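Given as structure tokens, the chain that follows is alone and in the form predicted on its own.
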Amino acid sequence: MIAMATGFIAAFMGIGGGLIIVPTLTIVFDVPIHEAIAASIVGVVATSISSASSYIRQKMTNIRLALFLETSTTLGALTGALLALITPASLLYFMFALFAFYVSFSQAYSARKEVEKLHVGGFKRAAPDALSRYLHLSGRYFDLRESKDIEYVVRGSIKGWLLSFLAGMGSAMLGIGGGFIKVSAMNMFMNVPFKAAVATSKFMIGFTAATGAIVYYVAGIVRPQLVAPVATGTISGAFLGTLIMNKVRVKWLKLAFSCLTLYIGYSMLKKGLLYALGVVLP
């Protein structure tokens, strides 16, 4: 049930789900941390495949944009793996906590504005930057809740690329997946509607997670008896999440995402204080 709920939330919000699976396996089921991470990554791959394929069938995923941003995510993951060896963990946690808090409040604040832009066609009125125009990154999808096609023009390509680089670093250095950064980068800085950003993020997450899953498999710490129920549950939950997401008002999606990123920020701050000062928050 926990894996199913995680898959649902991950598909609903465009995240990987590792922030839920890993603590659950280690605290509730007393699974060693490395085995929990390995099972979590396989679960992330499973939910990404399930939800990404569903979103592609619904024509919500911007594949061109996903491939463009994935180039920076991959570079960020490589850089993050190297920096993790020399950067104090507490500094990393504080940095990502601050960004998560910023995203949380920004998404909550912009919820009403996004609804207005959907109603008046504001997403297609933006001017594309040169890179977006050259790569044809703009797109469209059919919003079931609004019962109409939503066209959008992608702008801020460089900002989005750099933030995706940050997401890749976070994935490698902290194991946070980075989905919340990708969704926010597309929605807040690239003029991509929230639902399209969620669908595109789920397509991207599978690439990064698959690489990690192969590494853990080769290392011999992927336990089939643990991975099987996690993967099965997340696939079921993710499929259900993709069926519902496009039918929900974007206002409530953004507010739910705001609460999720607030929790992520608190978790990062909690770990940072523990590493730096030995302070234990509830």
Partner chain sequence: MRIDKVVFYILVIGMITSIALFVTSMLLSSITKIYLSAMLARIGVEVLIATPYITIASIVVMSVLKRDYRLLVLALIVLIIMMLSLTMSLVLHATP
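The structure displayed is predicted, hence computed values, not measured ones. Numbering follows the first chain given and starts at 1.
One more form of this protein, predicted in complex with its partner chain, exists but is not displayed; see below.
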Check: Taking the partner as it appears in the predicted bound form, which of 191 to 199, 67 to 75, 118 to 126, 149 to 157 has residues with heavy atoms within 4.5 Å of its partner chain?
Finding: 67 to 75
Checklist line | in the predicted bound form, the one of Phe101, Phe142, Phe94, Phe207 near its partner chain [non-hydrogen atom within 4.5 angstroms] | finding: Phe207
Next item on the list: Using heavy atoms only and a 4.5 Å cut-off, decide whether all three of Val42, Leu82 and Pro229 touch its partner chain in the predicted bound form.
Entry: yes
Next item on the list: Classify Lys247 as contacting or not contacting its partner chain in the predicted bound form by the rule of any non-hydrogen atom within 4.5 angstroms, answering yes or no.
Entry: no
Margin query: Although the partner isn't part of this model, could you tell me whether Tyr109 comes within 4.5 Å of its partner chain in the predicted bound form, counting any heavy atom of the residue?
Written below: no
Margin query: My question is simply whether Ala36 lines the interface with its partner chain in the predicted bound form - judged by any non-hydrogen atom within 4.5 Å.
Written below: no
Next item on the list: Report whether the minimum heavy atom distance between Thr242 and its partner chain in the predicted bound form is within 4.5 Å.
Entry: no
Notebook entry, point to check: So which bits of 51 to 73 sit within 4.5 Å of its partner chain in the predicted bound form, heavy atoms only?
Noted result: Ala52, Ser53, Ile56, Arg57, Lys59, Ile63, Arg64, Leu67, Phe68, Glu70, Thr71
